[in-house]
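Below, in structure tokens: the form predicted on its own, a single chain.
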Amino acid sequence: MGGRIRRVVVHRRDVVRDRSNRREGRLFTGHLGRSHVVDSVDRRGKQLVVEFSNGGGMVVRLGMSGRITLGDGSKRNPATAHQHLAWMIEPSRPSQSPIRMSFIDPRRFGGVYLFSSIEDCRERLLAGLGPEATSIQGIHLGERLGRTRRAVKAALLDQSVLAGVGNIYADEALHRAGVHPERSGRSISLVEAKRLAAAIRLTLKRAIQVGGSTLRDHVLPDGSPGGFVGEHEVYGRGGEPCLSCGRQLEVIQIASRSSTFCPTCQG
């Protein structure tokens, strides 16, 4: 915190949503933080919230392929493929090197959303998000799942139900909890909801510890791959034996996403 943004480079303006949630219109780099100090960086679900010293800020949504990278801002490196935005940040301590922060998104499902105040951010950009998956408790998860007839896997992917769960971690948590992904949300008992909530928290905690799952686009800010892919028990292992019981893992489609599960352990 405390670094001042000296320069903002925009390679693709259409990844930025202005303060009216529109792409059209003139883009002011001051709204992207130029000349302002970074007051805070926080996370809400799968979104990064950056607040500037003038009270405004931006929400970075990574989508399916987006990522933030950090590099040496003292070097004039050419823009990499799919690098849409870059911020040159002068750190608060003179002994530290400048930082180049880049937003890269090959498929452009993500984007940068500007806000005028933290209240504007909460009311307009974050209002529809459910509780945090990293701290969800069973009773609250059970209440939210109990409101839907949808498959529990589809409900977990809905950020308005639970914020922060993606396809990989939904599969892994459901397997850990012994819950079939096609079960109706309202069919999940309180005991099962508590077990599933614990599995979600544990799965995400471990994934965060090892840097997530690098399959295609995801890397850590320093460019290194995430290590959780080597710990997948079901995701990406369709047709292989279950590590718990040995039965062949099956793959089905739920909410237009592949879902891998064990018909025995999650029967």
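Keep in mind that what you see is a predicted model, and the values were worked out from it rather than measured. The numbering used is simple: start at 1 and walk along the sequence shown.
What comes next is about the form predicted in complex with the DNA, which does not appear here.
Picking from 141-149, 67-75, 191-199, 175-183 the stretch near the DNA in the predicted complex, with a 4.5 Å limit on heavy atoms, gives 141-149. With the partner omitted from this view, the residue of Arg237, His36, Arg206, Lys46 that lies near the DNA in the predicted complex is Lys46 [heavy atom within 4.5 Å].
Checked against the DNA in the predicted complex, the residues Ser116, Ser187, Gln137, Gln159 give one hit for a heavy atom within 4.5 Å, which is Gln159. The DNA is not shown here, but in the predicted complex it comes within 4.5 Å of a heavy atom of Gly166.
When contacts are judged by a 4.5 Å heavy atom cut-off, Arg93 does not count as touching the DNA in the predicted complex. At a distance threshold of 4.5 angstroms between non-hydrogen atoms, Arg122 is out of contact with the DNA in the predicted complex. Shown alone here, His11 lies farther than 4.5 Å from the DNA in the predicted complex, counting heavy atoms only.
Of the residues in 82-115, those that come within 4.5 Å of the DNA in the predicted complex through at least one heavy atom are, in sequence order, His82, Pro106, Arg107, Arg108, Phe109.
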